[in-house]
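Just the one chain here, the form predicted alone, laid out as structure tokens.
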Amino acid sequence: MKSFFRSFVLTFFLLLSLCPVLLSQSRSPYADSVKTEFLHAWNGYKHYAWGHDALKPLTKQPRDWYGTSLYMSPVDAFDTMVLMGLKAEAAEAKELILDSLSFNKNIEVQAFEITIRLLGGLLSAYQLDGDKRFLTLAEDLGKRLLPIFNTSNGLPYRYVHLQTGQIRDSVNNPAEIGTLLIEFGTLSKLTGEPVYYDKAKRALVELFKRRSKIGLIGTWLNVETGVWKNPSSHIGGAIDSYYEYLLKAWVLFGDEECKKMYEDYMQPVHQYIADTSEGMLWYGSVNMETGKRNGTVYGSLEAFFPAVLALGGDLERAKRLQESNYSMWNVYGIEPEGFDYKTMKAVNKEYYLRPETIESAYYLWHYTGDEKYRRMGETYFRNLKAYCKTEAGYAYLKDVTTKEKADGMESFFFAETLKYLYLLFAEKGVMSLDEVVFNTEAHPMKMKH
């Protein structure tokens, strides 16, 4: 009897010790709630903006970036639909894209945005769905984007005309220069044409060569001369995803040179750009040449960094920074675009429905299994519904302090914000970070194909 009791007690405590692990693997009821909100926003798009790039949710009008539609919302939303099991919606979006999307248009486009949204979305659609027409569209787009690299050093221009290949704007930033390899590299892998990988990789390397003596890069440079126009160094917009893609190119393609560049950058980033205030970790801005601090503004775009740190194995720093993300969110109940961490006040008061702090919570939940990151996600989700939901979809906020809405719902709300919320609440294994690499628009690229 004593033996049976001892065995029962040992089994009970073993199961008790496993409870956090079992809980972290299970599906949260919030997963279905996120899916419901996706359908709410998607149905608003269908009703008021079908066939256009995006919906303006307050006036219930369509919006096209360049005066003619490139179907950004359907392309951005497709893999999220597949992930959520929304088969009817995915089939309808697929039909629209394959029947109507053409890149043979008399328009000039911003290469970075078109790459992460459309090229990334089409490549992901092909890998998830298998229809080669997605890949045909992606290859056509890739060819039309290649002229951006026509500089003596391979650093790309910002804009290209889709029909003529005419390029424009020689002043570019590290994010737009260095956020191309995941998509162009995947296109090379799927088509067998190395030119896409080679050109996007060269841009990363040439940018790396232009770092300062202390190992930092600035915000803007002339791609023709290689001369920096703005020497401010930080991890936010105009730089952010360059660091992300160096790490992810190593994870996705096994490119050791990209890993080495990422590691070489992280030492000075943590040494000079990292900052503390009231015991909390933040990242401000400094002069790239001297490391002298010139700003204490962090914000919704910087909130991506815990995800990258977690992916790179730096979990302790990632956890600390995510606590700062969460505190920034809770000052107003929703995060601002720019936030002075010394005064703990918003300096840019918009909230554009951005996903980055949710993305970071998802990565940390994946790598730690700690339920507190799901609880963070519950706060994010509740506040999004409370402050941004409209009759026709979701609207960004003009001012987080007053919660005044503005008439915009970017396609990344489908591609990123709702996808990362869903993944945070879905059971593990729905789409694993061990099997895919997400581009900066959250389009998953398979490590093996």
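From a predicted model like this one, the values you see are computed outputs, not experimental measurements. Position 1 is the first residue in the sequence shown; the rest follow in order.
Omitted from view is the form predicted together with 1-deoxymannojirimycin (DMJ), to which the following refers.
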| query | finding |
| --- | --- |
| Interface stretch in the model of the complex with 1-deoxymannojirimycin (DMJ) - options 95-103, 246-254, 111-119, 150-158, non-hydrogen atom within 4.5 Å | 111-119 |
| 4.5 Å heavy atom contact, Asn173 and 1-deoxymannojirimycin (DMJ) in the model of the complex | no |
| 4.5 Å heavy atom contact, Gly299 and 1-deoxymannojirimycin (DMJ) in the model of the complex | no |
| Asp53 within 4.5 Å of 1-deoxymannojirimycin (DMJ) in the model of the complex, heavy atoms | no |
| Contact of Glu89 with 1-deoxymannojirimycin (DMJ) in the model of the complex (heavy atom, 4.5 Å) | no |
| Residue among Arg144, His234, Lys201, Arg354 with a heavy atom within 4.5 Å of 1-deoxymannojirimycin (DMJ) in the model of the complex | Arg354 |
| Heavy atom within 4.5 Å of 1-deoxymannojirimycin (DMJ) in the model of the complex - residue from Tyr380, Tyr45, Tyr394, Phe412 | Phe412 |
| Residues within 4.5 Å of 1-deoxymannojirimycin (DMJ) in the model of the complex, restricted to 227-247 and counted by heavy atom | Ser241 |
